[in-house]
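So this first bit is one chain, no partners, the form predicted alone, shown in structure tokens.
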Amino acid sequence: MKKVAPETVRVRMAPSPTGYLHIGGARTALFNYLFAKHHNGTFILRIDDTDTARSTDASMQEIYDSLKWLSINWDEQYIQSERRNIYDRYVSQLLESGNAYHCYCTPEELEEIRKQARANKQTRSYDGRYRDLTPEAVQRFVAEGRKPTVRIKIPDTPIRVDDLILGSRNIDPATLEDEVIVRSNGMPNYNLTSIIDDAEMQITHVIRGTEHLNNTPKQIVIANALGLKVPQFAHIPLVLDSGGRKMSKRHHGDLVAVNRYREQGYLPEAMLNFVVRLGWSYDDKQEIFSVDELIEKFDLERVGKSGSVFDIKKLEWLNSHYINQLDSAARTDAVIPFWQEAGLLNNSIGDRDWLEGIVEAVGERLTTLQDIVPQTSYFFTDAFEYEPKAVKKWWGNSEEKRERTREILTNISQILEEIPTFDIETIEAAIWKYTDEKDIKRVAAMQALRIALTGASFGPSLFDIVVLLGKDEVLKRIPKAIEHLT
């Protein structure tokens, strides 16, 4: 692989603001960012909004927000719709040199050409019929009101594509057609704007997904026709699902949306570690990398050629790891917005020590920050349902067993009401004394009480729950459970 001169590296990411940032797009941004920083270079964000019909300001903002959330910060930024005059100048050059031409095909003609190509099993879907129009023909089409596109002329000689990951190959020009580079509405398309901006911005390396492989020879043709320097290309493998299918918005919905993970309480550090391993590997030992380590270790030689499988379980493991690295205060800060969004907590935080106590009681049970809501909602409200399976197992499904449970809860309530000090040690000792004297299985008593206080049969330590709820709340909830059993 060609060695890179550190002072020359300039790379870019060019997302289209037509929806949320795709996981694959985040990976492209990350690879470019790490490559630039590894070589002390420049990372450019270039918004490809030339598809005016589909581009939106909301999508553009979402891309910004997602990248900032991941701490993928750009050094320079450009918006292609603001560079129209630059593209127009290059298009004029292509037309004047004869390397491009106006095409007056109607939609009906194009559809007929495509049908014929499919019938003949041809790779080209345009037959070049308007390559060499006479001035009279042009005048006639203009009089008819036809709005032309502009097409680049594909040369007759093979097109060489050098790729830092996939190697070199020659593309047979017979497999390509004269590409539309300017739409009939006058807007330039991706292949034209991309290679022009790469040259104008002195991009040294184009690192992008293999879905762009078919665009590369076309962009090289445009660059050669304009006499522009061609950057080095590096196409990174597709992100695949467990069945080997490309992860796409169409087939996988918001599973590929970066903002989905932010909203569900994944940490950016986990996402970065997960995304970077979709195609890049360092060794078989290290699983967790800091950003500084990634910058130090990242290079294209360790990027694979084959697709990488999106494993949500791996992401969940990473996220749990990073959540558990947070101390109680930081973890509490992280979960407060999720409590607030669920309506469990208002903007007035209230008793901060109490909230931290809840987080400490939950311990290492969080896979995502959002998990804090179902795991702790009972601390904030008693408006919960008793879990049917838990009720049947621990409260009993016969009148005799339910009566026994009522008796246990009544006695525990009395013990807690009379207890001198409402702390874990005192509570635990008093309840164990009761269960041992009455020959009641500890687990039966504990689960009966847990369901009464939380509605579920699992969760943090029961005695933590009792203390965090407080004496008044506990003594209010137990009679409610007894009434339910009646």
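In this text, the rigid core denotes the largest set of C-alpha atoms whose superposition between the two forms falls within 1.5 Å. As the structure is a computational prediction, the values presented were derived from the model and not from experiment. Residue positions are given as counts along the sequence shown, with the first one as 1.
Just so you know, the form predicted together with the RNA exists too; it's not on screen, but the next bit is about it.
Engineer: Which one, W317, F380, F289, Y386, lies within 4.5 Å of the RNA in the model of the complex by heavy atoms?
Structural biologist: That would be W317.
Engineer: What is the one choice in K305, K401, K297, R262 with a heavy atom within 4.5 Å of the RNA in the model of the complex?
Structural biologist: It is K305 that has a heavy atom within 4.5 Å of the partner.
Engineer: Please check if P231 has a heavy atom lying within 4.5 Å of any heavy atom of the RNA in the model of the complex.
Structural biologist: Judged by the heavy-atom cut-off of 4.5 Å, P231 is well away from the RNA in the model of the complex.
Engineer: Do D65 and the RNA come within 4.5 Å of each other in the model of the complex, heavy atoms counted?
Structural biologist: Judged by the heavy-atom cut-off of 4.5 Å, D65 is well away from the RNA in the model of the complex.
Engineer: If you check in the model of the complex, is D351 within 4.5 Å of the RNA, heavy atoms only?
Structural biologist: No, D351 sits far enough from the RNA in the model of the complex that none of its heavy atoms falls within 4.5 Å.
Engineer: Though only this chain appears here, would K313 touch the RNA in the model of the complex if you measure heavy atom gaps against 4.5 Å?
Structural biologist: Residue-level check for K313: yes, a contact with the RNA.
Engineer: Looking at heavy atoms inside 4.5 Å, which stretch does the RNA contact in the model of the complex, given the options 165-173, 401-409, 83-91, 328-336?
Structural biologist: Stretch 165-173 is the one.
Engineer: Heavy atom within 4.5 Å of the RNA in the model of the complex: which residues of 446-467 meet that condition, in order?
Structural biologist: Heavy-atom contacts within 4.5 Å come from M446, Q447, R450, S457, F458, G459, P460, S461, L462, F463.
Engineer: With a threshold of 2 Å on the C-alpha, tell me if E428 counts as moved between this form and the one not shown once the core is superposed.
Structural biologist: Where the cores coincide, E428 still shows a C-alpha shift between this form and the one not shown that is 2 Å or more.
Engineer: Is the shift of S92 between this form and the one not shown large enough to count as movement, that is, does its C-alpha move by 2 Å or more after the core is superposed?
Structural biologist: No, shifts by less than 2 Å.
Engineer: Just checking, between this form and the one not shown and with the core aligned, does G145 shift 2 Å or more at the CA?
Structural biologist: No; G145 is a residue whose C-alpha shifts by less than 2 Å between this form and the one not shown when the cores are overlaid.
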